[in-house]
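Quick heads-up: the structure tokens below are two forms of one chain, split into structure 1 and structure 2.
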Structure 1
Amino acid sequence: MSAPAPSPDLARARGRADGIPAALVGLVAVTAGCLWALGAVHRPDLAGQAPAWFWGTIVALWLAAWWVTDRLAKAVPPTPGARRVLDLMVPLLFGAFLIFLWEIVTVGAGVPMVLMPPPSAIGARLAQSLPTLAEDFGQTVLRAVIPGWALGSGLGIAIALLCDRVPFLRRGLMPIGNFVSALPMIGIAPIMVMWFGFDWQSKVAVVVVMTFFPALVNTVAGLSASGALERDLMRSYAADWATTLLKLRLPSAMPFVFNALKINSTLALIGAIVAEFFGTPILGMGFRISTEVGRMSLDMVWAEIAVAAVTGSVFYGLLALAERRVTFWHPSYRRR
């Protein structure tokens, strides 16, 4: 396909779109260079003893990659679609290049596996240990994180509604809730393990306690987020508490509730994983991380962390999607 070269005037009129073709050519070159380096660094004569000229090439590749990223980041794409592609492409390329550097440095300099395994080894380990990883995922995420997150957040929202109904509770619980939100709640993990045993029940308990307060505090804040004018309007309709809640205050609290749900998704994963450091049956992501670290098989630890990272991102991403659908009206999402 031959892209017709835009006339200089037109390119100027479109902004800095003229930078894009050059950057794309550079991108192809850098990619080719990276692929070559990836192949070369695993050759026996290079791995662990890469000579100076190889590192020089890598530095050159780095500079070239920076130039390409710089060009792409500053380019003003001609269409909104192209801009979306660029906005996605730049960070992806950046991340890919970081992983490339990780691989090259660990393999080329012969970094011992017990210090920092290369991504290729982590990937291989991940592919090999899929059944184990899946079991750990089931134990930690499906049995502890998700039930605990749902229970803790739901309880927090429910108590927030109660606080809304009973002003005494609000005045009494809110300062405590705000205070507790700043505490290292993860510390209750050993107590919960003692109370509820080694299995998933104690992890659920930890997650419930950790997610309860953010849900409570955010929901209460959200319930007072509706404007005075809107509340006067409901009053002029002589609307009762339930109607006002349903028609006005819950909808306007939704951005706050989703904020809590998103914060809680991360907290829940952290809570369940760290609670497993205090004792589990021979299963679970936190258990695997702590034991494999003890056995110095860091590739397995990294594989587990990769699973945790993907889980966290997907969990968060799904919530963000739901938020976008529910609070489409919020100024940050509006499209005319």
Structure 2
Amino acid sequence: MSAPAPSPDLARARGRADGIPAALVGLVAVTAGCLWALGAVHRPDLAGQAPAWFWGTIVALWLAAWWVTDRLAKAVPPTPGARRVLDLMVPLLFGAFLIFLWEIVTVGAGVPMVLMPPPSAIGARLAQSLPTLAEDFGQTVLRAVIPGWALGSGLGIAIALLCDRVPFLRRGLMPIGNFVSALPMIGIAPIMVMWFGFDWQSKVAVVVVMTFFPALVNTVAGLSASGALERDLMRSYAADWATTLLKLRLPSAMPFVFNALKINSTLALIGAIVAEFFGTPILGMGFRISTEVGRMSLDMVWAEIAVAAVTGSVFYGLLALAERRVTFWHPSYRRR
């Protein structure tokens, strides 16, 4: 008696899992080709004057990398651990190949350092300037971004709860929130510097203004996200406003609250850096960027940008991880 034929979904899943070994072999080949290209492009006979055959090789590597990344993205590993590894591998490979192309194009085509320094020069400058970058990180992130983000987001959430309790505040503050959100940051920053001085206090004030209203608007919207049936059930249990808020409405609002916190993590970093353009002590990411641009030291500018990008990504990732832990029940987190 013959075994039953597998279902179409199972057959497709097995087919996508069977394609992983071929993709990994292709990944090894692409990696070897990229390492060869990185060594070749820095040779004196190729740097700044790479011939056509070299660029043809780079195009072939790009097509092969595209194929490998596409196969890995479509693959369905059989175990949860392998899925997590693959979910991390695909974006890392994509980003690494973009940096590889950046290095190849800037060195092979002889792009001037003033226009676009290669990643190798940026990495070397970053390693040489770690003490300066650490001081700038402390001034901008630890003294302005994190306190301003926490204060602005916390006040926005607290005022949203008050607006939910007092309806006329909601009708009065929401239009103001939309108005302030449309104000250009480039106009707010110099005013805050004049009001609060040139040190970190003015940067915190800018971050608070930028993060307060997104937290307010999103939290107010989230508090209205619970369904009518759930609210009727709470009323049938004679639950008061506080009990309904804690047991139903606030948990339902958590996806909106975390959305505001993630948006504010980006706004806070941008706001603090831009605010430092208008006045700061001789420290800070914004101060360093504006100063080094004037000196035409673009490798230091890109080193500061790299630190800011990594900081923003880590900040956003930690909030996304916390969101997954708190809102695990949300449909968006269902497993594939």
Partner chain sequence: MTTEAALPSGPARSGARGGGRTVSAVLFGGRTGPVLVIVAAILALWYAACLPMNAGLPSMPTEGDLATRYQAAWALERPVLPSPHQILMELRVSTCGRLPSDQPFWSAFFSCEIRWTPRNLLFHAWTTLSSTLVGFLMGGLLGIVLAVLIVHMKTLEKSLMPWIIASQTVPILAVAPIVIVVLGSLGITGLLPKSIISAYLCFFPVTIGMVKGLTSPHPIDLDLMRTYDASVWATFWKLRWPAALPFLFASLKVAIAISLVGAIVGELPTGAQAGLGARLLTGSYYGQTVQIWAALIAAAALAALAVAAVGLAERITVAALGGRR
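Residue indices: 1-based, along structure 1. By rigid core we mean the largest C-alpha set that fits within 1.5 Å across both forms. Because the structure is predicted, anything quoted here is derived from the model rather than measured.
Peer 1: Which number, 1 or 2, marks the form predicted on its own?
Peer 2: Of the two forms shown, it is structure 2 that corresponds to the form predicted on its own, while structure 1 does not.
Peer 1: Please look at the two rigid parts the chain moves as between structure 1 and structure 2 and answer whether residue 319 and residue 272 share one?
Peer 2: Rigid-part assignment between structure 1 and structure 2: residue 319 and residue 272 share a part.
Peer 1: What turn in degrees does the smaller rigid part make against its larger partner between structure 1 and structure 2?
Peer 2: That works out to a rotation of 9 degrees.
Peer 1: Using a rigid core fit, what is the CA shift at residue 49 between structure 1 and structure 2, in angstrom?
Peer 2: Its C-alpha moves by 2.9 Å once the cores are overlaid.
Peer 1: Can you read me the CA shift for residue 75 between structure 1 and structure 2, rigid core superposed, in Å?
Peer 2: That residue's C-alpha sits 5.6 Å away in the other form.
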